[in-house]
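Take a look at this one chain, the form predicted alone, written out in structure tokens.
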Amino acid sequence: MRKSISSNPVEGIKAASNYLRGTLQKSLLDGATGTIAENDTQVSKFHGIYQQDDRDVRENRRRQKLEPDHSFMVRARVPGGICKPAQWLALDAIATRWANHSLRLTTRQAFQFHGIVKHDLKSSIQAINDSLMDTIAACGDVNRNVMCTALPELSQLHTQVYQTAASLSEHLTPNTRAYHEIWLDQKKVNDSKDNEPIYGDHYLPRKFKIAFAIPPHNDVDVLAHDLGFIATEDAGKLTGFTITVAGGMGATHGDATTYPKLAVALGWCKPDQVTEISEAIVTIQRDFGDRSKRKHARFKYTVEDRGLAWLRQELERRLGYLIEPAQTYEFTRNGDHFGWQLSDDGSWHLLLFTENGRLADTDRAKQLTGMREIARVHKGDFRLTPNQNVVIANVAASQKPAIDALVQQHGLDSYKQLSRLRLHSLACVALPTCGQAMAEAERYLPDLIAKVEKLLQQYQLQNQAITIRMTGCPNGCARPYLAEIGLVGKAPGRFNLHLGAAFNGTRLNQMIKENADEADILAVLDQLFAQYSANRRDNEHFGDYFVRSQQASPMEVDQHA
């Protein structure tokens, strides 16, 4: 079943890693360099670690004949995005002691730490585990953090779906003891060889992503995932899930064989079938995914090459029973609803905006300190949203005034003043630390939005909710291909401009201009906002208007699109 892997060195590294051990322990003890061995940079990803360097100073250090300013990004896995106040405080302590004094909330409901040097890696990861979290499988060719809708109104339904997601995350965690030996100083139980019953000794051909959605909320962008579960319910009780497969955001500039793709419905299952169906699909990708070419190794290409009928037949063969037909669903939005919300169990939830997911203390707001003070008094939990924001969840009515006071004191209530465009924005980290970045994203998008906001005001559109997302490369970490305005980094100061996705995350956008600079982007948006303001229908979203207007009178599309 497995294709030749001779042309893919990563497969060789995984096979020779002794179930994700590699020479990581030796690399960590080498005090002569801030790096780890080259092969270990691949192995370390499975442990939730990316080696990076500060590209802002890379050239200057090269001229000084110094090695790059290396540090590590460490990602904590948070199934469904839920953590307790004590865990928040523990992660805050790691950020301020060993990282760069910021917590980053990811688009996959996880925490990232940036700027941890090699000497502090082990202490940081041990502290994460002491908080009853871990970093294993947060990166690498395995199933990543399992996502779950953050804030539906129906608390009973959310609890059932979240518990299913968290259980699945645990089931798909790698079985190797390497993580515990390297980072937690645990000894091997015996001399027997490790066994990975789900992943095998080569693990998956590429990363694998799973999300759970509860209509009408699609904050997880469920159709952007390898495997999705869309809840069905009856009177607030979970009855099952429509199964979606073969979505994915990643692409490569100039390579037409790579592309973003929306997932399609495969069938429906009962809640107690989720784990066995997920395992079967993961093992299908393990056995049939392309291991010779990493750019063609994602599950979406496996299904595209062989067909949905083949997948269903192979899945049913492994399960020993037939999959039921998919049920219908309807999404209305994929953004966050800011402010206080009351759920059906009488609990209150406060959703706060965090621009591009970066919680830090600045001259404008003491967000990191504010969340720390809230965690010290909060009795409920926190939920990270897939849109890089945070929910102070399960607040008793009597505790609301105290939470409100801390929010106001530390400038955490910015959502009250910000435009709906900014509130629906996402950006990846990009420069200066991401090695894949071709352009800015997190550091640049806020400034660009300020200029787009002026255009919206000019056409009386300042209250219109529009999704805008920016990434520094085409890998799609901020899901730019599902934004009404998507900007994908091509080179410093240059982006591919994509327009026309659905506001509810059910339609991809299209590239209308390649290699655009800021002036190009603003000129296109200026023209379209004028037309949208004059010709839109009642309650018509910008992405929908763009598609409709192109069908009626197509604008000139960039010849490279």
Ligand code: SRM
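Values in this document were obtained by computation on a predicted structure and should not be read as measured data. Numbers for residues come from their place in the sequence shown, where the first is 1.
Below, we refer to the form predicted in complex with the ligand, which is not included among the displayed structures.
For residue 39, no non-hydrogen atom is located within 4.5 Å of the ligand in the model of the complex, even though that partner is not displayed. Looking at residue 107, you'd find a heavy atom of it within 4.5 angstroms of the ligand in the model of the complex. Residue 477 belongs to the set of residues with a heavy atom inside 4.5 Å of the ligand in the model of the complex. The ligand in the model of the complex comes within 4.5 Å of no heavy atom belonging to residue 121. The single contact residue among 245, 125, 428, 230, judged by any heavy atom lying within 4.5 Å of the ligand in the model of the complex, is 428. A single residue from the set 176, 112, 278, 71 has any heavy atom within 4.5 angstroms of the ligand in the model of the complex; that residue is 112.
Picking from 370-378, 85-93, 71-79, 150-158 the stretch near the ligand in the model of the complex, with a 4.5 Å limit on heavy atoms, gives 71-79. Residues of 503-538 that come within 4.5 Å of the ligand in the model of the complex, judged by any heavy atom, do not exist; none qualify.
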